[in-house]
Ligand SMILES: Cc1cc2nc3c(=O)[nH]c(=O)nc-3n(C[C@H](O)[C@H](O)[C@H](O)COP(=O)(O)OP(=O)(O)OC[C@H]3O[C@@H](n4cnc5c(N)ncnc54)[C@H](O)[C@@H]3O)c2cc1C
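The chain that follows stands alone, in the form predicted alone, written as structure tokens.
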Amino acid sequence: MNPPVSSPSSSASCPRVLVLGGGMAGLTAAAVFARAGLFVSLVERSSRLGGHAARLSCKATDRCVHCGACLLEPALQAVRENPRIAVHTGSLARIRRAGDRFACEIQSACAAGGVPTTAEAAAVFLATGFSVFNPARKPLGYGVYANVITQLELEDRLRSAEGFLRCFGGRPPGRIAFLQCVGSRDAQIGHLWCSTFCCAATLRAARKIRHRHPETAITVFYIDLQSVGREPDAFLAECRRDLRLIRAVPGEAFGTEDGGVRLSWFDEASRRSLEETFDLVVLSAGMEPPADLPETAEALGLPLDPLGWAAEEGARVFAAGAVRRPMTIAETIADSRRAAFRLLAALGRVQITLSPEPAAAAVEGLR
């Protein structure tokens, strides 16, 4: 049972926390803080909450596959229903440190010259997430051919069966290729990390398409495949039955006269270069640190790690989720709750014990 919420007699007895970012990490932390009795200013630069998670489609076939897309709605509801959380969407925060407190001006990104909202915070929680690698930087046809899209763009289409088919004149594509690790595990651009979510998202999306359209042939090109779900071996065996998995990395894409996309790759087994034409190519564009993270981190006094991601903690500044490193939804929720409780401890609120909110409890089903 949750502890009762009491009305504080002063800001000292009930401090305010500034949460930067309204994605899964920010929503999770804001709910923890509010249920612990703190006031929260939640600032999100886009016009809506949810971050990248808001674009994810349910991957269920004939059963739930624990993809995590459904965890966003309870996280949003927990924030919307809590009167201690002030939500500022379409807004930017200008923060000035004054000793052990933070003075903040929250300005609408659209209302030039408008009067900003001011707030004083005892701590800052950085949850601004990640940027998506721009695959136009690779010779894979993104931005050149309409039928070369990213995984997130596929997610937009998969949210409805009609939306997916509408892109192909009402008929499903006959051949689809998924290319993994586009912008991840790439020493040439200094991206030495695995983006963690791509394998599971690709395999679940591919199987959903096959479930809807068994006549569609799907090929997945990969470097290595991450474990997926509680029974990864069984899941991978199912994928091998439904999909063609090729351990190779096509280097270039070329358009064909009939509107297809031709990919070529080196086959280790035959020691030959192979090529094939596809109707749709989906690029698993990886995560990278937000472009403005260095500026934000400097203003907060928060260090960056050698790869450019945020450190976990500074002086009264805590970071969580994919702003620290690439994470899945389950990892993001767990990391955000852990960091939120560390922030509560730093503010002397360790005596409060909270029961898990629905989104946190559901994380166990994703492991």
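In case it trips you up, residue 1 is the first one in the sequence shown, and so on. On a predicted model such as this, the values are computed, not experimentally measured, just so you know.
Although not depicted, the form predicted together with this ligand is the subject of the following passage.
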Indicate whether the candidate residues Ala25, Arg45 and Thr332 are all in contact with this ligand in the model of the complex, with contact defined as any heavy atom within 4.5 Å. yes
Is the gap between Phe178 and this ligand in the model of the complex 4.5 Å or less for some heavy atom pair? no
Is Ala75 close enough to touch this ligand in the model of the complex, meaning at least one heavy atom pair within 4.5 Å? no
If we define contact as a non-hydrogen atom of the residue within 4.5 angstroms of the partner, is Leu92 a contact of this ligand in the model of the complex? yes
Just checking whether Leu302 would be counted as a contact of this ligand in the model of the complex - the rule being heavy atoms within 4.5 angstroms. no
In the model of the complex, the one of Val249, Val132, Leu236, Ala136 near this ligand [non-hydrogen atom within 4.5 angstroms]: Val132
Let me know the one among Arg204, Arg210, Arg157, Arg84 whose heavy atoms come within 4.5 Å of this ligand in the model of the complex, would you? Arg204
Of these, 337-345, 53-61, 31-39, 307-315, which stretch puts a heavy atom within 4.5 angstroms of this ligand in the model of the complex? 53-61
Do any residues of 180-197 have a non-hydrogen atom within 4.5 angstroms of this ligand in the model of the complex? If so, which ones, in sequence order? Phe197
